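Take a look at this single chain in structure tokens; it is the form predicted alone.
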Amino acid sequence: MRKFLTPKRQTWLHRANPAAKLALMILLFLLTLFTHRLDFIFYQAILFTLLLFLFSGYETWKIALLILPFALIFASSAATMILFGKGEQVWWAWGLFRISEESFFRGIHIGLKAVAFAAEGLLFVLTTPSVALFYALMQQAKLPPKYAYSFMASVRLLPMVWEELLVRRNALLIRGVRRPQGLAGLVAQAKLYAVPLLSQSIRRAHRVAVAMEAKAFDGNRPRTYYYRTAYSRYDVLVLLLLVFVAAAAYTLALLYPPFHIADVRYH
């Protein structure tokens, strides 16, 4: 899995400051959130998905595999609004289901918006290592080290928790423990796993907390960092790229509108 998520090449998106890139992505999310023009969100979903192929640094087949769930995201997001939304121009109705022209286009809008969110988030995740992100947040955004290092420590502990779960399951199989059927069996199985795993996690979390306090990770004194992060020209390039893509999507929506709907909100 780690090899699959390793990029084939490093693009300049990888070299941008993670804190600056996070701030730009939040602004981009807000732009997508408050977009009510169907043509605009249509081109946003297309262009930001295209950015994944061009600037993520991963092989084409990996990106294609990662965006396969986009179809499920689109369908699940659009279906509820299409089937149960309000509208005056009713196309089809049966029982609780009611599809109108207005609800159909609003459903398409919500589905495309979900795809745009997924593409933007995946572009950020694939080009930003988590460790580099928290180092940048500590140095540029002044995030207290106790929060940043605690999160990084918890991520490192997840494989250990999974390993303990497998050990517990194998131990119960060797001992021949069989849970009863039905709801009582589910409760009994939860007790067999929850209590030992929770106690181990509490002990491990306490040891980590004591070690971090001993190493002055509470942020009460100035710290040095193994990884230094700073702003660079790549941050300006990321800003220009995102502005250009958003402007291109808006221009295409004006010149070549596939839906000709300026506002999908129901009035």
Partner chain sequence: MEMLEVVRKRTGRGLKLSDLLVTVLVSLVLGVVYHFWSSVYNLFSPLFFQADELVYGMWFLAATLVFLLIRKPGVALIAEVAAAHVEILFGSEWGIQLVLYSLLQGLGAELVFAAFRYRKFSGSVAALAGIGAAIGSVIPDFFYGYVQDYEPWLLTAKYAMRAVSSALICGYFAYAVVKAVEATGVTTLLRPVDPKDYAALND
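As the structure is a computational prediction, the values presented were derived from the model and not from experiment. Numbering follows the first chain given and starts at 1.
Absent from the display: the form predicted in complex with its partner chain. The rest refers to it.
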{"item": "Interface segment, criterion being heavy atoms within 4.5 Å of its partner chain in the predicted complex, picked from 204-212, 42-50, 56-64, 236-244", "value": "204-212"}
{"item": "Partner proximity in the predicted complex: Y225 to its partner chain, non-hydrogen atom cutoff 4.5 Å", "value": "no"}
{"item": "Non-hydrogen atom contact L252 with its partner chain in the predicted complex at 4.5 angstroms", "value": "no"}
{"item": "Close approach of K191 to its partner chain in the predicted complex, 4.5 Å, heavy atom", "value": "yes"}
{"item": "Partner contact for M138 in the predicted complex: its partner chain, 4.5 angstroms, heavy atom", "value": "no"}
{"item": "Every residue of L22, L33 and V155 near its partner chain in the predicted complex, heavy atom within 4.5 Å", "value": "yes"}
